[in-house]
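Coming up is one lone chain in structure tokens, specifically the form predicted on its own.
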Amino acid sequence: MATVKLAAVSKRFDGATLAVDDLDLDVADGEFMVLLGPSGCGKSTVLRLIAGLERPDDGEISIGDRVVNDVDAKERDIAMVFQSYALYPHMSIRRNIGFPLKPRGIARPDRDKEAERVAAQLGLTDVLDRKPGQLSGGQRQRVALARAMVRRPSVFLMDEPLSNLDAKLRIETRADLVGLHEQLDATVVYVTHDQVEALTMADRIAVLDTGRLQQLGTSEEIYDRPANLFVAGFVGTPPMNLWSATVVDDAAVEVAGVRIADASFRGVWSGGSAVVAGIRPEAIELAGDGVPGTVGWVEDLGHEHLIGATTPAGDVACLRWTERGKPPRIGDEVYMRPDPAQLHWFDPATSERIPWP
């Protein structure tokens, strides 16, 4: 396995569109790194830069101890798994898996032996003589993984490999990938826009937006201490509520005229300063007092309800209702009480997290 390092890497398209902007990223040997962000944030471009399918305009890319800026993709000792399975429909599964060994001059019997070895790891032994069209989507994705594994590369690069699977198969294949990573101790760089995939699979997550790194950390760090308003509003299902708030006399914070927390910002913010209060849906309860809101939607998920309300300032609030009985209905007036210990604070001018408390 190998490390991957990007140092001040930038990539422009058409000489103008900045897809990756001065990115620094270190992936440790054996780490499962997830690049997470919305469509168009630059995450797939980063993967293509590592693979050698694109060349950086600035900066340096290293795999192991070797700078690879000018190294062709086929010489980088990486394997890619794409969203599309890209299997050869006329070949058996055995031949599909062993195909990457053919250009290396490995004889057919040895290719078949390696294919059978990898197939056994992924539970594909029983389908080796079938064609791709005879397999389910989950099986075809495992074949694509097996074809990458058979090369024994230094780094695996995966570009949204589960997006074509249904919900049940995604859950099963996520577990397969995590187990496979632990078994192989492989270095993996994995691209997704699905935060559930990122939070459940990654050793660390790199959150990207507009080509820039917004935050790098473990799942817990990203979820519990988002670095800025983008991360707070992107990570979480539903994401963090972000409320317009006002500091009162350096000692308290109000939303819609309601005191939601005592927190001395003395020396940081003066009375009357605007801040953004962040609160997760699970940290809000409905009470007889609190921030007022009008219910705009209710989603019944069986084990819980998600309730969306709008505050007088126009901020949308979402909370989880797990109590027995009927939840509020659309149009009802409610009062939302956040847990003060779970509030987050952000600077509305810079969008950065205020390190408090």
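For clarity, every value in this text was computed on a predicted model and none was experimentally measured. In this text, residue numbers run from 1 along the sequence as written.
The same protein also has a form predicted together with a small molecule, omitted here; what follows describes it.
Peer 1: Of these, 293-301, 314-322, 65-73, 36-44, which stretch puts a heavy atom within 4.5 angstroms of the small molecule in the model of the complex?
Peer 2: Of the options, only 36-44 has residues within 4.5 Å of the partner.
Peer 1: May I ask you to choose, among Asp112, Glu160, Asp176, Glu197, the residue with a heavy atom within 4.5 Å of the small molecule in the model of the complex?
Peer 2: Selected option: Glu160.
Peer 1: Check each of Val334, Ala19, Leu25, Leu343 and return the one that places a heavy atom within 4.5 angstroms of the small molecule in the model of the complex.
Peer 2: Going through each option in turn, the one that passes is Ala19.
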